[in-house]
Structures are given as structure tokens and as C-alpha cells.
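Coming up is one lone chain in C-alpha cells, specifically the form predicted on its own.
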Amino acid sequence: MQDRRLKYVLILPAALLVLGTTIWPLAVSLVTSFRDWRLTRSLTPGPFIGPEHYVTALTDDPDFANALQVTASFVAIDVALTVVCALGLALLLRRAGVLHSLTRAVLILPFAVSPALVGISFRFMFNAEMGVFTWLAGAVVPWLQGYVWLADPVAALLVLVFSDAWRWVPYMTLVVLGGLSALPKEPEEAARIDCASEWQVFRDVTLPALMPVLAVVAILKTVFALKMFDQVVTLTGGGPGQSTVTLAYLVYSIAFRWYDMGYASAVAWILTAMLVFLAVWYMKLILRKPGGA
């Protein structure tokens, strides 16, 4: 009996920590999303107004619609670029060797860099006057010399994608490498014996077998891309105009620039619902038994 009670006593501090730092704030924000609470009018929550904030966000808010479009564009480009680059690098590093082992060890370093610091670094590197990427682009394409990347809506979004992909590609490469190392070698060897080219081996044997791993990588990257915030703050500031305002940055702006805590909570819960859906999908993929439906 004492042993049974002891396990609950030992888990109590962690449970209280989760309750105080996660469950309680989530519950409060959910309740707040159904209130009319502007800090410019009152420091205490206002009256309940039902799902009005959610209806406004989904039907009558151009800022939310813009942020949703920007986030969708960012996620689509970012995930595609990350998965393709990670797959390509993993295939290059698949062979054994001292250099390849050293490269695998170095690959994790970009992921250790703070996202905010990545944004600041890329802001300097894409500076129109002294940025190294601007100089390199101008050396290859002369008319890009001195180009103000962050003043162009499309270019600013692509720079944001590039900065996030730079940080995530190495980590995802290691994940894909793990998937490649787990694949049986016999099917590939049999295909080569049948005179299949390397491209045919990859297309018909390796890629189909690797698709579950790539699906997990894509969903996991989608979850993190949907939460893009740090680099928006330090790299583009949501500009030019609203061309790089993501949903996470919109929540921040509504809450701490416009001081509408009720509406900010509603938008945050819409984003949370999207993340929960993807997280459940991700868990189903990684827990699915081989050969299952």
C-alpha cells in the first residue's frame, strides 16, 4: 500500500508544475477567449460574449485572413524545402566514412542556435549595403547588387523561409539518415543486380520505403512552422506591410500592441486547434504498426 502511495507522492511535484505552467494558463486563456477584455478599458476581464471572437476571426477579420494566408504560404514552402533538402543531404551522407561521420556530428549545430539569433543574423546577412548574401547575389546576378530584400513582400517571405530552413534542415537530415539506416539493403542490391540505375533504385525502392519517415518529418516540421514567431520579430517585424505576419505574430500583436486580450486568446486557440490536429496525426503515424492501415 505504501509503495502504491509513494508513486503518487513522487509524481505530485511534476504534476503541480504542469498544472501551474500549462493546464491552468490554457484554461484561463480559453475562458478569456469568450470574454470582451481590452486592457485599454479595464485591467479585469470583461463580460462573456460567447463565441463572438471566433466568429469575427473566421468570417470578418482581414488581418486574420491575411495572417492565415501568409502562414499557409510559409508552411507550404518551408516544409517542402526542408524535406527535399534533408532527403538530398541524407542521401549524400549515407555512405560510411570519417568525413561523413564528422559532417553528421556538425549537422546538429545550426539547430542549437536560438531562433531569435538566427533572425538577427539573417537580417544582417541580407542587409542591402553590407549583407554577405546580398554581395554574393550581386556577384552572380549584377542587378541584385544592393537589392533591399526585406522591402519586397515576396522576397521577405522567402528570406524568412530560408532562415527557418537553414536551422531545421540539418536536424531533419539526421532524422532521414536514421530512416535510411533502418532500411533493408537487400531490395536495393536486388534492383542493382537487375541492372537498375541509381535513379531507378531510388525512385522505385528507396523512396517508397522511406515515405513513412518523410511523412513524419513533414508533419513534425509543419507543427513547428505553424508556430513561427521568433524570426518574424527579429528578422522582418511582420513587414513589409503585413506580408510576413504569421498567426503566432498576429496573436502577439493583438495582445501586446492592440491590448485586446479576449480576441488574442481566441486567435491563439484557433492556432492551438490546428496544432493539436497535426500532433494527433503525427502520433498516429509514429505509433502505427508496420503493415497496418
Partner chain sequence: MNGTRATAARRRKLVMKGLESAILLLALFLILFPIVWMALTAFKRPVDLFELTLLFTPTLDNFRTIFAAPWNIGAALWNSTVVAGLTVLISIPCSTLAAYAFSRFEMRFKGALFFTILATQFIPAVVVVLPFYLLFRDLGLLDTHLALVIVNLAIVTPFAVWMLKGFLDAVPTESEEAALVDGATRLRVILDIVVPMVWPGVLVTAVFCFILTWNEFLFALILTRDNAVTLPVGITRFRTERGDLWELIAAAGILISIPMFLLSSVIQRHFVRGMTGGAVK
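Residue numbers count along the first chain shown, from 1. In this text, rigid core is short for the largest set of C-alphas that superpose within 1.5 Å between two forms. These figures come from a predicted structure and were not determined experimentally.
There is another form of this protein, the form predicted together with its partner chain, and it is not shown here; the text below is about that form.
K.L.:
Taking its partner chain as it sits in the predicted complex, is W258 near enough to touch it, meaning that at least one heavy atom pair lies within 4.5 angstroms?
P.N.:
No, W258 sits far enough from its partner chain in the predicted complex that none of its heavy atoms falls within 4.5 Å.
K.L.:
Find out whether any non-hydrogen atom of T103 is located within 4.5 angstroms of its partner chain in the predicted complex, and reply yes or no.
P.N.:
Judged by the heavy-atom cut-off of 4.5 Å, T103 is in contact with its partner chain in the predicted complex.
K.L.:
Does its partner chain come within 4.5 Å of any heavy atom of G179 in the predicted complex?
P.N.:
Heavy-atom contact with its partner chain at 4.5 Å: present for G179.
K.L.:
Find out whether any non-hydrogen atom of F74 is located within 4.5 angstroms of its partner chain in the predicted complex, and reply yes or no.
P.N.:
Result no; F74 lies far from its partner chain in the predicted complex.
K.L.:
Which one, L207, V84, A151, L136, lies within 4.5 Å of its partner chain in the predicted complex by heavy atoms?
P.N.:
The residue in contact is L136.
K.L.:
So which of A65, I49, V55, V28 reaches within 4.5 angstroms of its partner chain in the predicted complex, heavy atom to heavy atom?
P.N.:
Residue within 4.5 Å of the partner: V28.
K.L.:
Among 76-84, 138-146, 113-121, 153-161, which stretch has residues whose heavy atoms lie within 4.5 Å of its partner chain in the predicted complex?
P.N.:
Going by heavy atoms within 4.5 Å, the stretch is 113-121.
K.L.:
Could you run down 200-235 and flag each residue that has a heavy atom within 4.5 Å of its partner chain in the predicted complex?
P.N.:
In sequence order, V213, V216, L220, V223, F224, K227, F229, D230, V233, T234 come within 4.5 Å of the partner.
K.L.:
Taking the rigid core as the superposition reference, indicate whether the CA of V276 shifts 2 angstroms or more between the shown form and the other one.
P.N.:
Comparing the forms between the shown form and the other one, which are aligned on their rigid core, V276 does not shift its C-alpha by 2 Å or more.
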